[in-house]
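Below, in structure tokens: the form predicted on its own, a single chain.
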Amino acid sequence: MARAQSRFVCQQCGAVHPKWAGRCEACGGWNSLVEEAVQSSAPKGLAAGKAKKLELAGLGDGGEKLVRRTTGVGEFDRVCGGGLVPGSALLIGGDPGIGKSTVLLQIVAGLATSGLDCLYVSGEESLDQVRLRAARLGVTGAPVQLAAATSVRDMAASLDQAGGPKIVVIDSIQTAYIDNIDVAPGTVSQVRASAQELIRLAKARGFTLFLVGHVTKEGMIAGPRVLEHMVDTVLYFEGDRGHQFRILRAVKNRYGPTDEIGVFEMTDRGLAEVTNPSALFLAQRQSPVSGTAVFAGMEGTRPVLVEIEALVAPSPLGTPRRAVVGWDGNRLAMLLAVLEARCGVQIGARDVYLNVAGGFRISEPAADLAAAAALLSALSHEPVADKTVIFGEIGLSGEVRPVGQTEARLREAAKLGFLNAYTPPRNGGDAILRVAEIRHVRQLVERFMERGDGGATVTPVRQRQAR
């Protein structure tokens, strides 16, 4: 009797290995290789099967225009590009307990109330547990159809028919399995095959498919990376359990802009949308306080104002500590090097702590100037001028470079009552605020040090070079 062949597949990247190893050579993940059986029969060539010619069509050929279905949750519709496209597949990932199942249950309840047939398939919870969550959210009266299943074959039998549901939620794709694949649910082969079958049904029958995905400890969606390529939209839920804010971010969207965000607030009645996140992030701001600066950023098409906090303290250790929350630690190291090398600010021997208030995460380089202002304010014990917003990118030579969508940032700041702005050099434009153009970060240093250094030490660059 021939021995059954097997292979070892990485559950993080999908790489195939001939034998087990503690570490995947492709992605570097530890203890991620799982044994899977290899199909005994080899795939046959194309000559043995029957084929039919493809039906070709032009770009302008007929066909009804797809009408988006609005969910009634403005923040979710914004992230999706204006609503749900029939026949599309959306993948939603996030940390455990962040609110994925909660927001989806709220959305399908609202769509079902508006008259659409909605099906919620739970693979992790019983029907009574789903009903308990619905009672907490106050949506028990919505005509949502519930099912507890993990077999894709059973799901396909219910979905592959005329007049089926228009909205389908699978919670979660890691619990689904296909019975003719001899591996456990959640493995790379099962996740890929289950998602492929469900997405095929969504395209054929025209219903919108939501797939809930687990995430790894690095924050990436568990399973094969091809899963994110198969779906039309990938959404990530971000946030800290210590804060009530939740941010829904689109990292891929075939029917709308990417890098768009929606802001929600966790309440005892579920997730409530926040239509003006800037006002919410700055609600607890106390001014004037040294070590804080308001940054006018852009998330997709939306301007967002957040507060950056900095603390500079003497270090009792030989190697000063650098702690960053909500920003890139490498950019902080670069910014400190520029302040010391180009402006003579002696900050290298001090502990530096930087935090973005409200649990928000900043990824754009336009936050360099605001972070530098917060650091200089903390170092000199001089607060930033009241009602002032700051944005701009800082280069390695200390020059402040222009950033995009300047007017949108200034309009958002003016709407919230700000009067002044520190910006990079601008090419014309209306004077919405009193703008001070910063061409070099040295100008920002002079603005703080000329009002009293508060114990900070600044050595002129020429004098340091002479030494």
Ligand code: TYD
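The shown structure was predicted, so the numbers you read here are calculated from the model rather than taken from an experiment. Numbers follow the displayed sequence, beginning with 1.
Separately, the form predicted in complex with this ligand exists; it is not shown, and the next lines address it.
**Message:** Within 4.5 Å, heavy atoms only, one stretch in 185-193, 162-170, 267-275, 365-373 touches this ligand in the predicted bound form. Which?
**Reply:** Single hit among the candidates: 267-275.
**Prompt:** Here the chain is shown alone; which of Glu309, Glu340, Asp95, Glu197 has a heavy atom within 4.5 Å of this ligand in the predicted bound form?
**Reply:** Of the listed residues, the single hit is Asp95.
**Request:** Would you mind picking the one in Ser101, Ser122, Asn253, Ser88 that has a heavy atom within 4.5 Å of this ligand in the predicted bound form?
**Result:** Contact with this ligand in the predicted bound form is made by Ser101 alone.
**Prompt:** So, in the predicted bound form, is Lys387 in contact with this ligand at a 4.5 angstroms heavy atom limit?
**Reply:** Lys387: no, not in contact with this ligand in the predicted bound form.
**this ligand contact at Leu280 in the predicted bound form, heavy atom, 4.5 Å** = So Leu280 does not count as contacting this ligand.
**Prompt:** Is Ala357 close to this ligand in the predicted bound form, meaning a heavy atom pair under 4.5 Å apart or at it?
**Reply:** Looking in the predicted bound form, residue contacts with this ligand do not include Ala357, since no heavy atom lies within 4.5 Å.
**Prompt:** So in the predicted bound form, does any heavy atom of Leu137 sit within 4.5 Å of this ligand?
**Reply:** Leu137: contacts this ligand in the predicted bound form.
**Prompt:** Taking this ligand in the predicted bound form, which residues of 310-338 have any heavy atom within 4.5 Å of it?
**Reply:** None of them.
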